[in-house]
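As a starting point, one isolated chain is supplied in structure tokens, in the form predicted on its own.
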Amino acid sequence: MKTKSKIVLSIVLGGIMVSAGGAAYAGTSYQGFNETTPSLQQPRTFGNQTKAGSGVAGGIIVDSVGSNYTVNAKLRTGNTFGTEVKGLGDSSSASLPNSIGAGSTTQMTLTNNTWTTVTVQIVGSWRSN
């Protein structure tokens, strides 16, 4: 293979790899989840998305929550947390207010209600924006 062809091939393959990696964790795209929250309001934190806009509200869509339980959701980065939205149940959605800066790696934190003594399965999707 000629040197010029190798350079073009490297650039094309590098661009494909960057595009694939960036799309999976874009904060403006919803990312599916299927998580189990611990009992007694212990948090389950998961996912990594790069926040696109400073202070822009994220979002959550809850498809289903085990039994008749509800869950609470908030965004976080390090020790910075967004406002917790409480009482999300089956087929619900919510905006997740926060002051997290653009470019920050952001996670979703879910908890059960205070006196829920069992683990609860939650299925849905979220974005950090």
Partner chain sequence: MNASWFRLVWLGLMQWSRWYVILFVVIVLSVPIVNFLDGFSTTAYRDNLDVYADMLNSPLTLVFPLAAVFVGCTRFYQEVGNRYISNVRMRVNIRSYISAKHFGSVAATFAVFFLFAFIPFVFSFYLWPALGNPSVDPSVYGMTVGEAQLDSLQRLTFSALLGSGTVVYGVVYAAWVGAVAAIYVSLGFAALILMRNRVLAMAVPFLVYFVQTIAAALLGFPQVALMYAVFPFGLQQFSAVWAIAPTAAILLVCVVGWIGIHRRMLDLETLT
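Quantities reported herein were computed from a predicted structural model and do not represent experimental measurements. Residue numbers count along the first chain shown, from 1.
The form predicted together with its partner chain is left out here; the points below concern that form.
A heavy atom within 4.5 Å of its partner chain in the predicted complex is found for one listed residue only; from Ser67, Gln42, Asn34, Ser99, this is Ser67. The single contact residue among Gly89, Pro38, Gly47, Gly103, judged by any heavy atom lying within 4.5 Å of its partner chain in the predicted complex, is Gly89.
Contact annotation: Thr83 falls within 4.5 Å of its partner chain in the predicted complex, judged by heavy atom distances. Among heavy atoms of Ser93, some come within 4.5 Å of its partner chain in the predicted complex.
Residue contact with its partner chain in the predicted complex: Asn113 places a heavy atom within 4.5 Å of it.
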